[in-house]
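Next up is one chain by itself, shown in structure tokens, the form predicted alone.
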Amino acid sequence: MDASTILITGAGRRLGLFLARHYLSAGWRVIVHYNTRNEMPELEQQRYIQASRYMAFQADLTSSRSVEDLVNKIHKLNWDIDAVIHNASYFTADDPSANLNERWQLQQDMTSVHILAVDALTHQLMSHYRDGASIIAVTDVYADKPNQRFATYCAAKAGLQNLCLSYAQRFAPRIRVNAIQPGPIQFLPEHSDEYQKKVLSQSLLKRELGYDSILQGVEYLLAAKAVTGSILKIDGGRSSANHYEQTFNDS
């Protein structure tokens, strides 16, 4: 039997690249989608490509033509797929001063990345999914607790989450579909100390969780054969935290 195969979107950097490297080191074949750049060094890529265990394809998920091209390239590989991680994301705050066309375009782009591209990849690659395959969507704690500054992003992530819960019904029992809701996973260099402290103060564990925490969740969902249609919160307790200041005393 061929090696297990995983498709990871948004895997040119950060969390997606971390996951791609993990599954390559574990002996999987990995299909990587990236948007603007792939930060895996060329020599590292070539080593896995020569072993027929790695392929990376660029695609702009806001473009139906680019998504169609991505689908066709994956078809040509003719690799059976055991798992998919929909990790690609478009994160930006709303612009209160944006005009109608600008707001419309942002809504379209957010919907394309988080919903339309996911739907296209899911259905157009269905013939390659092995029985028992697992689809995992990386959503956000904002899918259930929206942030008005990021209203468009929150709505798109909520749509992705709802879409995948519907997929769990549609594709059962052959394919399992679940979602992961991350919280404060890993800060970027541009995040100030003040910003980091504020974000972490809103969680129960009050610490940066790291990419390993998401990997643990992915590994659980891949192995948990009785789990589908579930949302796994990996947020340090952020969704359960009391965001109101309270003082308890004996008086």
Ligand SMILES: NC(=O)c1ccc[n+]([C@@H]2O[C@H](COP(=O)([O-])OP(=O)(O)OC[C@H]3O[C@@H](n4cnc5c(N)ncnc54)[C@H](OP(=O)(O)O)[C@@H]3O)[C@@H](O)[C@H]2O)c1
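None of the values given here were measured: they were computed from a predicted structure. All residue numbers are counted from 1 along the displayed sequence.
There is another form of the same protein, the form predicted together with this ligand; it is not shown, and what comes next is about it.
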Report task. Please determine, with the chain shown alone, which of 216-224, 57-65, 23-31, 43-51 has non-hydrogen atoms within 4.5 Å of this ligand in the predicted complex. Result -> 57-65
Query raised in the report: Does any heavy atom of Val113 come within 4.5 Å of a heavy atom of this ligand in the predicted complex?
Result: yes
Query - Leu15, heavy atom within 4.5 angstroms of this ligand in the predicted complex - result: yes
Report task. Spell out, yes or no, whether the shortest heavy atom distance between Gly10 and this ligand in the predicted complex is within 4.5 Å. Result -> yes
**Report entry** Exercise: Lys157 in contact with this ligand in the predicted complex, heavy atom 4.5 Å
**Finding:** yes
Query raised in the report: Thr36, Asp140 and Ile185: each with a heavy atom within 4.5 Å of this ligand in the predicted complex?
Result: yes
Report summary line: From Thr122, Thr152, Ser89, Gln161: within 4.5 Å of this ligand in the predicted complex by heavy atoms is Ser89
